[in-house]
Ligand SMILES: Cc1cc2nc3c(=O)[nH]c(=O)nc-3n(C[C@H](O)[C@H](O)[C@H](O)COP(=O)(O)OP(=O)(O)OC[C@H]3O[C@@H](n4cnc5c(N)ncnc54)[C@H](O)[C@@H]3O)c2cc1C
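Take a look at this single chain in structure tokens; it is the form predicted alone.
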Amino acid sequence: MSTALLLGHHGIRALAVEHHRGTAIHPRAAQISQRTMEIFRTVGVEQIVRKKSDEQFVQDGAIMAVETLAGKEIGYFISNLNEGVRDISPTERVFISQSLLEPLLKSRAEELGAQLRYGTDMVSFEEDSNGVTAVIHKRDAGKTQTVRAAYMVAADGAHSRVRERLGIAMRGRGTFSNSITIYFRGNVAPLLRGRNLSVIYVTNPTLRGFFRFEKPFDSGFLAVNALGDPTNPITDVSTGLTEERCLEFVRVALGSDEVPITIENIMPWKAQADVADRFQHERIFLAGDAAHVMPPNGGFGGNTGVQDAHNLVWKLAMVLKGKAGPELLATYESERRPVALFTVEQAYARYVTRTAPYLGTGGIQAVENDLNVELGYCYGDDRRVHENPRESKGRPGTRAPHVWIEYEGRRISTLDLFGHNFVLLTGPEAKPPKMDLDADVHRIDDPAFLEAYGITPSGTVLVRPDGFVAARTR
């Protein structure tokens, strides 16, 4: 959905083929990072996403661990979802369920010219030196059609058939839990006791997992990753599962038998941490879960997929418009795969430390600050995959910093200048260089801008369409 939307934003016609008959129906809660909200801001949906999030969830909640919701608190991982990060971006972190987010993206994608076909399967595909030919089948209508496109993006999930057909292997930690998510109804408000909690990890002798609740706290889900002895747990939670057993899990995690509970749905899923060997096969690209799978701890998975699309789409647009050669597309894998490797390991490290210490901490990455993962990932040749985004100072390969500036009589973020074209930002005394590149030029006379971008009044910064710094002269 995000790939189709972003292609439309760049004026590229796209066809998205989706097996399901419509947008998501299960309220899988997604933590939307500031970087993803910045991308949504670029295409004009940030405010509606924020509004819908406000309707569904209390903002700025904590991420914590308990023995049970009604019982003992173990500790806080994050006391407030946006504490200490509001200065770094014009956006904030939010929670919004996939069932509410997808229709917003769908509507905007269609406004920008994307074709979205639901209830449709890709039966086969063949690529050649000039493009990709696919056979698609609309199930309800019983119609089969052949489609020709210049490129194809396989965003077909963790069990990607396209990836398998191309013979691209996944490597990493593999599967470490056959987990479940239990969607249920029940008035849990009294058990929250006025606490503003976004994610509640549950650790007790019966199970390990986490809760998420929606307003007005009469519905939510419990994800369960492991059962029994914490030092030697049962990690196959889904085999032989019954609704009665799920009801027991919910009551144990709540720590109360007094709340009437109704089970609405049970979804099995695999906790994995793997990355594809390659993200590109000639004219076909892997994105999202097809390219990398990670446990939900940290909320990085969906955000990483959106950011894949954001990196790839402007490059496709430049090539399709004849502004760049196809070799530009090779930078998608070289830039995004190291970020995926880092992010997957960060999610795995959080899974181990928060849910599964029995897996052992030997050989795992140190848990980095969430901000470094969300906004501090880097592209470039100096082998630096992440850093504190407050310290990047406009260094090439890093996200261009956010600064509030006055522009044409209104207050905007520097990030609002990016999104379609290359942008050249200059200090008040700079002489813009001659470039074989179409770029919007903005002269900014603001000491805060110069400080944030690490330049003097005669310096310049060239920013890519995805908001990453391409070059800088101090």
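Residue indices: 1-based, along the sequence shown. Just so you know, these numbers come straight off a predicted model, no measurement behind them.
The form predicted together with the ligand is left out here; the points below concern that form.
Segments offered: 210-218, 365-373, 332-340, 239-247. Contacting the ligand in the predicted bound form at heavy atom distances within 4.5 Å is 210-218. At the 4.5 Å threshold, heavy atoms of residue 17 reach the ligand in the predicted bound form. The ligand is not drawn, but in the predicted bound form it has no heavy atom within 4.5 Å of residue 52. Although the partner is absent here, residue 30 is a contact residue: one of its heavy atoms lies within 4.5 angstroms of the ligand in the predicted bound form. In the predicted bound form, the ligand lies farther than 4.5 Å from every heavy atom of residue 348. Checking 206, 175, 98, 265 against the ligand in the predicted bound form, a heavy atom within 4.5 Å turns up for just one residue: 98. Of the residues given (314, 377, 300, 279), 300 alone sits with a heavy atom within 4.5 Å of the ligand in the predicted bound form. If you take 262-278 and check each residue for a heavy atom within 4.5 Å of the ligand in the predicted bound form, you get just 269.
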